[in-house]
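Let's start with one chain on its own, the form predicted alone, as structure tokens.
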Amino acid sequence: MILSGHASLAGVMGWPVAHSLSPRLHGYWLERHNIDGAYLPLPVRPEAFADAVRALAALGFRGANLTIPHKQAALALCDSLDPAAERIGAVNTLVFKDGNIHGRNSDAFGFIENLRQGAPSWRAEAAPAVVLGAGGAARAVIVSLLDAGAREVRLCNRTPARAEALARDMSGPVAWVPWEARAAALSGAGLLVNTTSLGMTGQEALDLDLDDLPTSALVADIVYSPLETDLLRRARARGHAVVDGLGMLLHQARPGFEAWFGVMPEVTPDLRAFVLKRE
């Protein structure tokens, strides 16, 4: 597509950022909807982040996605934050408008929309949820579950202090469970979510006995490399419905695309196949 002088511009800022699937994803939507615009990978060192954000706004960019290590640093730069960004304590989407920098977080939206698309019969209020991990992704997942009506969230993390602090920060029915008791915490659960890096390509495996998890429970992993983690493979073999991590990435991108380019896009099987195809 040839861009005009009025093209809408956005991108993803990170360090590093070459691995990001976001340019491929947004490029697909731009072409599909015949939009005069572009979405660029923007490698930005942490020490240059604040200047880079202001430069993008001055250059007429509509906004940007943020990935590691910029999500927390953006909080201090924003003129306003949406409620999700405030609760999660991180920004993954910047919108530049009327000279102001607006910070948003769509990770919670992306997680819950992925569950709803992948497992339409799942209901947050039906049974307890077990969340593994206590980082930024876990915070977004818990916010999404509470907003969806979860009545109990059991939080397990390898570092007890982080789990305790996160449970305390969340205004809702969230209780932390020692990592050593993670298998027992699965009893009676309706959802298991892995937000840790365990099971990711190049990382150590997730050691978790699933025997106490009811086979009616949904199992989700936010890891998408590999697309089917060992956790999902073992859960599928036991008869669980499973949801992989790619859908969260795809769905979290939708609100930003709408803000910058004026169209709320859809997540389709063709999109998944295109994003996964490496050239």
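Please read all numbers here as calculations on a predicted model, not as lab measurements. Residue numbers here begin at 1 and follow the sequence given.
The protein also exists as the form predicted together with a small molecule; that form is not presented, and the subsequent description refers to it.
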Interface membership of residue 188, the small molecule in the predicted complex, 4.5 Å heavy atom rule
no
At 4.5 Å between heavy atoms, is residue 170 in contact with the small molecule in the predicted complex?
no
Partner contact for residue 97 in the predicted complex: the small molecule, 4.5 angstroms, heavy atom
no
I'd like to know if residue 130 sits close to the small molecule in the predicted complex, meaning any non-hydrogen atom pair within 4.5 angstroms.
no
Assert contact_stretch over 194-202, 80-88, 145-153, 116-124 against the small molecule in the predicted complex, heavy atom within 4.5 Å, equals 194-202
Is it the case in the predicted complex that 134, 137 and 159 each bring at least one heavy atom within 4.5 Å of the small molecule?
yes
